[in-house]
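Quick setup: one chain, the form predicted alone, written in structure tokens, and binding and motion questions come after.
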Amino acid sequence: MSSHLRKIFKTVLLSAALKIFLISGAVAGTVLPQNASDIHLGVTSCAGSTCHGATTPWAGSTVLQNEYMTWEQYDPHSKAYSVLMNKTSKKIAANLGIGKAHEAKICLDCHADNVPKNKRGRVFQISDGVGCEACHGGGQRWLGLHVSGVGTHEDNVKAGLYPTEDPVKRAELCISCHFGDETKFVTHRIMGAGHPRMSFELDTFTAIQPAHYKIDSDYRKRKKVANGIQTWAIGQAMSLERRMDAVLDPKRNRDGLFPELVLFDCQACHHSIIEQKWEPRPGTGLGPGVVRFDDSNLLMLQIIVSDIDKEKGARLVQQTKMLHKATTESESKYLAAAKALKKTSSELVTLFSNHKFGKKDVAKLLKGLVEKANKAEFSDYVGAEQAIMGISSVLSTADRMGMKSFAKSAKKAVDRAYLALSKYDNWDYVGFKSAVRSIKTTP
């Protein structure tokens, strides 16, 4: 990943730490760490110098041993609680009338491992923020087995360890924080109070997360390893499914007379009324003055699905247009279109989980992304943002597959595209489009 990408998305991830993370077990059959029955022992239970609290990696060890130090010093999740003390958080809380941000449940549920008090161990500290067990699960049952070294990774998972290495499970967990569920949801009103814009892509955010593990031969023996393209694809499908859940949830899909506007493209309304920047997007079928549903995940999925099955890809394009059209017709048609897309997105998670993304997919996906840019389908910021993260994911995977000419030739173009997106309120669409067009889709 380029240094420019890391610089830009460091800011994105830091703002994610400010977000009202929404951890919940909304997915059938999946109990996320905050909702499981196990007691959370606290991060210090993992921080011993002979466990994961070493100051530097251990030579000859199958794991780094300094995972706690990486989290504490470099991971924005460790600052998720303390950020509630800053001026921005205090202002958001005051605007919402919820009291102190660092005491409000709506904030703590997301900025900390806010399990019920009867599930907190003796050394558990809410001020630790989003700590080890917020992602890996309460250690009550699995920690002893883990420390003993007699159990396998599979044994640990059966004892309550959350399998973050599985891209589907990781998507369920991460998206529950970076988008929401039926119990906690960042609404348009919360954003109006000053909350940062929600932005997420699973593979990119995995890549910029300070790594506290190393994928080596030992890791591969014990755990599932997905390449970046597969992680990207699964993340896109799961994100769409969660968005459709919100559309279909009567408690979340409306705000008085209006639909829940956080589900729509911010810049469809928040744009200059003096500068005439509007231009048609062929994939929506909408004219000017219409609030557009945020279809950025759909744009990515159309490309990914078409790579695997052109017929299914064409069907998804049609379903996207039907959703956009339905928003201008009636609530019943809108909900029917969303229901159809939810079913499709669920099927796509399974499709992508079973598909072996390889070298042949790289050129097809790059070609699809560049072609959509040429057709003005990324003229909305959210679509362009997802597109460049997708391009980065494909190129990074190509590099790991030994197709280094792809990544090397595209580096400057990718940097230019990220630079064009660096200012949300005044992004450079012409510069972005030019940068993407210059990316070669053949070795």
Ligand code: HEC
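Start at 1 with the first residue shown and count on from there. Every value quoted in this text rests on a predicted model; they were computed, and no experiment measured them.
The form predicted together with the named molecule is left out here; the points below concern that form.
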So in the model of the complex, does Arg242 come within 4.5 Å of the named molecule, heavy atom to heavy atom? no
I'd like to check something about Cys269: if you look in the model of the complex, is any of its heavy atoms closer than or equal to 4.5 Å to a heavy atom of the named molecule? yes
Whether Thr62 contacts the named molecule in the model of the complex should be assessed with a 4.5 Å heavy atom distance threshold; does it? yes
Answer for Cys177 alone: is it within 4.5 Å of the named molecule in the model of the complex, judged on heavy atom distances? yes
Just one of 227 to 235, 362 to 370, 331 to 339, 75 to 83 has residues with a heavy atom within 4.5 Å of the named molecule in the model of the complex, so point it out. 75 to 83
Full three-residue contact with the named molecule in the model of the complex, heavy atom 4.5 Å, for His52, Leu96 and Phe185: yes
Listed residue that, although the named molecule is not shown, lies within 4.5 Å of it in the model of the complex (heavy atoms), from Leu286, Leu323, Ile208, Ala246: Ile208
Answer key: of Gln140, Ser89, Thr327, Ser306, within 4.5 Å of the named molecule in the model of the complex (heavy atoms) is Ser89
Though the partner is not shown here, which residues of 88 to 127 have a heavy atom within 4.5 Å of the named molecule in the model of the complex? Thr88, Ser89, Ile92, Leu96, Ile98, Ala101, Ile106, Cys107, Asp109, Cys110, His111, Ala112
